Ligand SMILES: C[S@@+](CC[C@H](N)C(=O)[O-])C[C@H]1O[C@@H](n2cnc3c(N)ncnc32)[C@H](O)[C@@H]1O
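A single chain comes next, written as structure tokens; it is the form predicted on its own.
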Amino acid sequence: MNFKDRFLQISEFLAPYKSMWVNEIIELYPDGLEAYPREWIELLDTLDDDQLYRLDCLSDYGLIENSELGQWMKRMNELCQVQLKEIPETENLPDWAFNKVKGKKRHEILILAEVLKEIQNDKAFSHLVDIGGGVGHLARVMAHYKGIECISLDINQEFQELGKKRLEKYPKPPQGRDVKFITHDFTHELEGEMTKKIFTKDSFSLGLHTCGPLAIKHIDCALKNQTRGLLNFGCCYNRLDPESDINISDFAKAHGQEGFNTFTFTLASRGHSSMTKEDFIHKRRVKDYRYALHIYFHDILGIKELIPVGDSHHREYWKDFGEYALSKIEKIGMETQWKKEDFDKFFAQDSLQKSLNQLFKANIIRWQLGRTLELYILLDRILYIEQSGKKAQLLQFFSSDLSPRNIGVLYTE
């Protein structure tokens, strides 16, 4: 992949649809749908729930492939293609190696164990630094079963104490290496004395799902200390600061897009794993209830700004709308003269149901931009590394069904 060319293609693709990715749909009510071509929403109106599910969650564009919307989605899919790192998931380890390790984490560890062993064989790094290592599941597998000395780095000492106890419970095999737990926050001093002892010139570091700006700090730390390389997986993009954590490369500063905000980063953080039909139906219910409550605030109470109402338990969305609305209004400390039946009658209006239907269809369109925005962020990081004279790679490592944050930024000396 030519990273500059791909970045330019994505940037140019995003430009005409900026009003979609910088605004949450309900935030601009009653004018939020102006950014969405009417014929696109009308096309989605011709699809039933099963067809919408297949389009939204399984990227099945067959029913609309000859339409403008279908071509738009197909182009996004092409822009988001990333080379798959073909590593077999070999599981020849004893059961206790994965004690209390869930399926997603187990899949990631098995893949990364082979990837990191391959890198170690080629580059012979002295030790692996597992950033945010928690209780040390990955570090323990790498050290005990792959023969790579590891440092499990975390700021949570409680997690690390649990990890130390597990090392005692499951001692290393004869060919195993050591795991060292270090409580340290390197992000405050990228070249501090303790940081230099951990991120040595012969070390290699892994950041598996480094939240928000931690991914950038990881990259900076590896570059500043001239380590052997890194493998980083970003996540929680909604924690990024639009003033400092986007367009970090010179190329993106010159050719990228402006206007990134919390709504944009949240969209980039959307899950990319396949969703069940039941999950899709629930998502629609959640959107209908949230949108309806905000429309009540806007139309009935005259409140123009968006009021955060927070998430609710799954079952709360399957109660009558009146129960949901009253519980939310009470939780945020507002008052209302309306009773449950007033809210239920409001929700049942044909005009409101039509608005909710259009908003949900617009949400399906907007949701497709998530992966494209994620690629924009990751390519910016790749270009940032390359302007330091390093050769970087962008690869897909994990199954998207199990681990939606499956694209890693990799460079080695």
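From 1 onward, residues are counted along the sequence shown. It should be emphasised that the depicted structure is a prediction, and the values quoted were computed from it without experimental measurement.
There is another form of this protein, the form predicted in complex with this ligand, and it is not shown here; the text below is about that form.
- Residues within 4.5 angstroms of this ligand in the model of the complex, judged by any non-hydrogen atom, belong to 179-187 and to none of the other stretches in 244-252, 140-148, 179-187, 196-204.
- Using a 4.5 Å cutoff between non-hydrogen atoms, Gly134 counts as a contact of this ligand in the model of the complex.
- This ligand is not shown here, but in the model of the complex it comes within 4.5 Å of a heavy atom of His209.
- Looking at Asp288, you'd find every heavy atom of it more than 4.5 angstroms from this ligand in the model of the complex.
- Interface membership of His294, defined by any non-hydrogen atom within 4.5 Å of this ligand in the model of the complex, is ruled out.
- For a residue to qualify, one of its non-hydrogen atoms must sit within 4.5 Å of this ligand in the model of the complex; all three of Phe159, Leu214 and Cys235 qualify.
- Screening Lys105, Arg228, Lys283, Lys328 for any heavy atom within 4.5 Å of this ligand in the model of the complex leaves a single hit, Lys105.
- None of Leu306, Met275, Ile155, Leu84 but one reaches within 4.5 angstroms of this ligand in the model of the complex through a heavy atom, and that residue is Ile155.
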